[in-house]
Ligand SMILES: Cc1cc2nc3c(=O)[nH]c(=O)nc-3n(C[C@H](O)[C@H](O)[C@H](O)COP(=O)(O)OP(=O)(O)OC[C@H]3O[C@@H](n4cnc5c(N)ncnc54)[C@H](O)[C@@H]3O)c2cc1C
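Shown next as structure tokens: one chain only, the form predicted alone.
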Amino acid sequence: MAANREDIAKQGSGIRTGQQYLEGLRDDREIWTQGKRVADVTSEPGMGRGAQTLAAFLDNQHDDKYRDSVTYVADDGCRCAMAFKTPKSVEDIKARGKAYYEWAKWSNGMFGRTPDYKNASLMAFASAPDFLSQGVKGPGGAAMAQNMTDFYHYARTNDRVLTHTLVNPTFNHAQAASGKFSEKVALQVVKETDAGIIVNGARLLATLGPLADEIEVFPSTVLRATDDNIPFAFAFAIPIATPGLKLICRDTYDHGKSHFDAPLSSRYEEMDAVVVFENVLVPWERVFMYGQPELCNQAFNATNAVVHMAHQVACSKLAKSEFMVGLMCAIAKATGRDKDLYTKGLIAEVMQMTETVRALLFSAEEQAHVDQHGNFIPLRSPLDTSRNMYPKMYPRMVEILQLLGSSSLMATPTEADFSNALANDVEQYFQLANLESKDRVALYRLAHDVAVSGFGNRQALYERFFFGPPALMASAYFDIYSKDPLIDRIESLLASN
């Protein structure tokens, strides 16, 4: 056990290059797509270009233009991604927000699961050892908090790309709604050994799973604190290339088209997968919580991981919203409709949504404060407001883009049509008063990729359910909202009659 722990905690050299990341993906991971096992995710059609995109993002960490805003030098001298930095001041919170926003702008928010999202949560868990030390069972005992600290340092200094999975498959809706899981499908502990726990079952839905180095498997927040849920109560992290771990991918939205024909889906296919665990051994050194449902369902709130994750998400949604405004304004300008009252009114609605996200983010950062663990966190309520509003905002943005684009979203010849026998016709009939035909087609193909394509519809679905079912999110928002002082004002008014 000691040797394994030393290996896990071993310090790396910090931020990696894109090439180092791609080389790390060429291992024995078991990834399945379209009925076959993938030999190499970095070159697999429909998947490999997403890996290349993320590799380019990692290279940006070394670029003089970005390095100082997206990385920091830790006390141990290691230059690491900014999301790993434990914030000790309001300035640290703002620096983290600046880094999140920079990462998001590289894809205009269309590559949703960049590494900073999970890095933020990992930092939060590692920075709350008092909470994690309660979640212990089996060999290792109180060392589980140390397990998390070791894994955090390993991920931080080796610049690991993480995915995660939280949700068990539903076999029976009534059973799932009661906070219980089915032994037929849910991931569960089936055996304890001296080496670790053996888990079997499935989990949904690992975004970026095939392109990640490691997977965090954390407890569901709806796990009920009952003895029959003990087999489902755990938190751990293991490499994607762990024996017995299988990822079953959805259809790809990258169909091999050029960047001109599919400007988003050709670059930002991050892939989602169902994760199957076939009697997978999880070493004790990689187990962070086990056997205590009453702690597992508090984990994200008690460690403030949810707040730090929501901070990253708000920054990403700001970049995405700005992109939507820019795209709509570009269409209005190209068509000469930027003076039209109706068009301006539609785009103004999206501008207002964008500024709402910006204001909520500003409020959260400006009111950052010390938490119960001695670290700084953004003010939670503005971030909770943002993450409850955006699942409604983004589909409305897409709807407005569809209204603005209308049939032009379908009148989109391909790049090849500018160099074939029809080239003159395309040049003649697809021009606009303010835009040449090829630029016009490129603009509308971009809008099509947002508002019509499979990639675009996946984005809308992703935003609707990013943090969970909207009704559940709204209910949780109601529960944690500071209501008593407001009720007191009503009661005081009534009592004064």
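It should be emphasised that the depicted structure is a prediction, and the values quoted were computed from it without experimental measurement. Residue positions are given as counts along the sequence shown, with the first one as 1.
Form predicted in complex with the named molecule: not shown, discussed below.
Here the chain stands alone, but in the predicted bound form its contact with the named molecule, taken as any heavy atom within 4.5 Å, falls in 460-468 among 460-468, 59-67, 437-445, 35-43.
Mapping the unseen interface onto this chain, residue 200 falls outside it, with no heavy atom inside 4.5 Å of the named molecule in the predicted bound form. Residue contact with the named molecule in the predicted bound form: residue 165 places a heavy atom within 4.5 Å of it.
Taking the partner from the other structure, the named molecule in the predicted bound form has a heavy atom within 4.5 Å of a heavy atom of residue 272. The named molecule is not shown here, but in the predicted bound form it comes within 4.5 Å of a heavy atom of residue 170. Interface residue among 207, 356, 363, 298, judged by heavy atoms within 4.5 Å of the named molecule in the predicted bound form: 207.
Listed residues 160, 113, 320, 387 were compared with the named molecule in the predicted bound form; 113 is the one with a heavy atom within 4.5 Å.
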